[in-house]
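Listed next as structure tokens is one chain, alone, in the form predicted alone.
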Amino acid sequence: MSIKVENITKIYGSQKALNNISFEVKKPEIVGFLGPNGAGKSTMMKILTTFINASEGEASVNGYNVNTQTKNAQQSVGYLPEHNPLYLELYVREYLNFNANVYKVSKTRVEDVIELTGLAPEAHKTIGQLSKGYRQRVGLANALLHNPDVLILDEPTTGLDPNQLVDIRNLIKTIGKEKTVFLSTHIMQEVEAMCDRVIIINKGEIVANKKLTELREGQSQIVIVEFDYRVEEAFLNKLSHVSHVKNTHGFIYEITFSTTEDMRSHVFDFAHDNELKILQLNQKNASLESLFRELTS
């Protein structure tokens, strides 16, 4: 088991940040750790990365107890905190070579992670010259330097523009094919795009622990489409599996389908066959968003 948490409680003064929570994460698996601000996400991640100790309970990473086998646990985990700490005056290779010495890994590993994270075009620059997206890549490269089996990522896509977000998402998905990735985020679309399973925490307690496939079962699907002119809702009802059509505003429509099949290609083909021009076409997973609101409100 890559990550095992058993009855963990963390108390700060009179406040319980975590209240008797338990879960497991296997390899390879990408698990989204969700919750509102103050729910206890970062506290749990700090316990798993040995930055702080739990008040009660036990946790292990790759079979190493984070309290009694601290060094072994640290060596088997890569961590990217929410506020990525970097030495902005150092060059990318200089920074990674410095940390390679700390980890006692070969300098060839530096070139490996530069290639893996797509840093090669920017590796000659100082970190301070990099965009937020490339600084996140440097943080990921550093977390991967010692080739850990487990990656713990705290809000890895916060503040990225759409292009940077797609790049980091694809990178995490690639890493998740071989390693365990445990990440926190507030962005539901990122969970949908990257994760195999979600754990939702609220007020220090786990309120959901499900695979995304389980969340989708029996759930409706909403496709948001914008045309270049107004279309009669009855006309869109001709699409197969349609249960509801709503014109939200302007030329934008929310089409609800009673199927888990991705219907965006069907909407596109329907528009093409009927000489409609699509300006935007997105899928909205109502089940995850509504479940999150319901469990954390």
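Keep in mind that this is a model prediction, so the values were computed, not measured. Start at 1 and count along the sequence shown; that's the residue number.
A second form of this protein, the form predicted together with adenosine-5'-diphosphate, is not displayed here; the remarks below concern that form.
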Open or blocked? Place adenosine-5'-diphosphate on this chain by superposing the surrounding C-alphas onto its site in the predicted bound form, and call it blocked when 3 or more ligand atoms come within 2.4 Å of backbone or C-beta atoms.
open
Heavy atoms within 4.5 Å of adenosine-5'-diphosphate in the predicted bound form: which stretch in 266-274, 57-65, 38-46, 239-247 meets that?
38-46
Test of understanding: in the predicted bound form, would residue 17 fall inside 4.5 Å of adenosine-5'-diphosphate by heavy atoms?
yes
